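Quick heads-up: it's one chain on its own, the form predicted on its own, in structure tokens.
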Amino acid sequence: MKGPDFLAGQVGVLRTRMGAAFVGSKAVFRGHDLHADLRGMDWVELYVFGITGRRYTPEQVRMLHALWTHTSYPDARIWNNRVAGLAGTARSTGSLGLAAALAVSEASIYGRGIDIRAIDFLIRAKQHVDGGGSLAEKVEQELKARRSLAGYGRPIAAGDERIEPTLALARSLGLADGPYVRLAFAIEETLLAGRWRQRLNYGGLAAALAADLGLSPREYYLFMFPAFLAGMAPCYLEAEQRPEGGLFPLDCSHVRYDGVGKRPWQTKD
């Protein structure tokens, strides 16, 4: 129901299935007492429980941890970390700097946008194959429609250093042989056998592991939101501890200018 009647029924009241704070008494988190029922929960476990409403095994939670830690790079040259570093060099607050850095992590090529595309394609490809379709046909169809395959290839390097440690951990936890992980590598074989020559990258493997844990594209997107955060704070701190304006300064020779040429200052008498 929409319109004035719906809005009138929402005035002054919060109707929620997610939870509420009863200040001075308790806090309810998805129907559970946060400080009693959930007090032993790991933070990542609580975070993914808030997103999905589902509980995960210790092995699965450890895998979810790794999806964050294996891509937390404290390198201020990386596009979103650069925002955190520039906030530090400009003497902005840490909260503003990190929040801005996370906001630009929504990037469609490297960030959260590619996460959604990667897991969405894996789900659609599995449905196609389970229905008797050809994987090679699906891959070619996707490439024709989008000109790229989310989760495959890497613009800046031929390999991906995150694949092996992530896969090794998944093997040790018994999580490396799920249907989506197998499908992800089958897609890689299809690409390598054809003219595309693209390998699975971290985004594709992480999406496959998440899909095997039952995360939907929307749930996966929300789960991966803080994935770069651990690498951002060091970039902010280092820039903030150095002289102001000292991170990535540009001299005038690096600025392309096509406007009016040099001209003398004019002073008023």
Partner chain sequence: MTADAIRTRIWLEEPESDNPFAARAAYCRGYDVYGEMLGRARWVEMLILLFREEAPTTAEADLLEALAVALANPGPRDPAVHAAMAGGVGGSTAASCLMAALAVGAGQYAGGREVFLAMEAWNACGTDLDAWRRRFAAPTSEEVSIWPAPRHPPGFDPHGVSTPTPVKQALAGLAFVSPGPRLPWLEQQRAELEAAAGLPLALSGVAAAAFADLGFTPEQGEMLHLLLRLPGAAAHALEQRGYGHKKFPFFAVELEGAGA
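Residue numbers count along the first chain shown, from 1. Not measured: the values here are computed from a predicted model. For the two forms, the rigid core is made up of the largest set of C-alpha atoms that agree within 1.5 Å on superposition.
Keep in mind that the form predicted together with the partner chain is not shown, yet the notes after this line are about it.
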Quiz item: Is it true that 65, 79 and 109 each have at least one non-hydrogen atom within 4.5 Å of the partner chain in the predicted complex?
Solution: no
Self-check item: Touches the partner chain in the predicted complex: residue 176 (any heavy atom, 4.5 Å)
Solution: no
Practice problem: May I ask you to state whether residue 19 is within 4.5 Å of the partner chain in the predicted complex, using heavy atom distances? | Solution: yes
Quiz item: residue 99: heavy atom within 4.5 Å of the partner chain in the predicted complex?
Solution: yes
Quiz item: Within a 4.5 Å heavy atom cut-off, is residue 225 in contact with the partner chain in the predicted complex?
Solution: no
Exercise. Using heavy atoms only and a 4.5 Å cut-off, determine which of 237, 229, 38, 28 is in contact with the partner chain in the predicted complex.
Key: 28
Quiz item: For the chain seen here without its partner, which of 89-97, 187-195, 129-137, 165-173 has a heavy atom within 4.5 Å of the partner chain in the predicted complex?
Solution: 89-97
Quiz item: in the predicted complex, which residues of 2-28 put a heavy atom within 4.5 Å of the partner chain?
Solution: 3, 4, 6, 7, 12, 13, 14, 15, 16, 17, 19, 20, 22, 26, 28
Quiz item: Quick one: core overlaid, is residue 24 moving 2 Å or more at the Cα between this form and the one not shown?
Solution: no
Exercise. Look at residue 249 and decide if its Cα position differs by 2 Å or more between this form and the one not shown after superposing on the rigid core.
Key: no
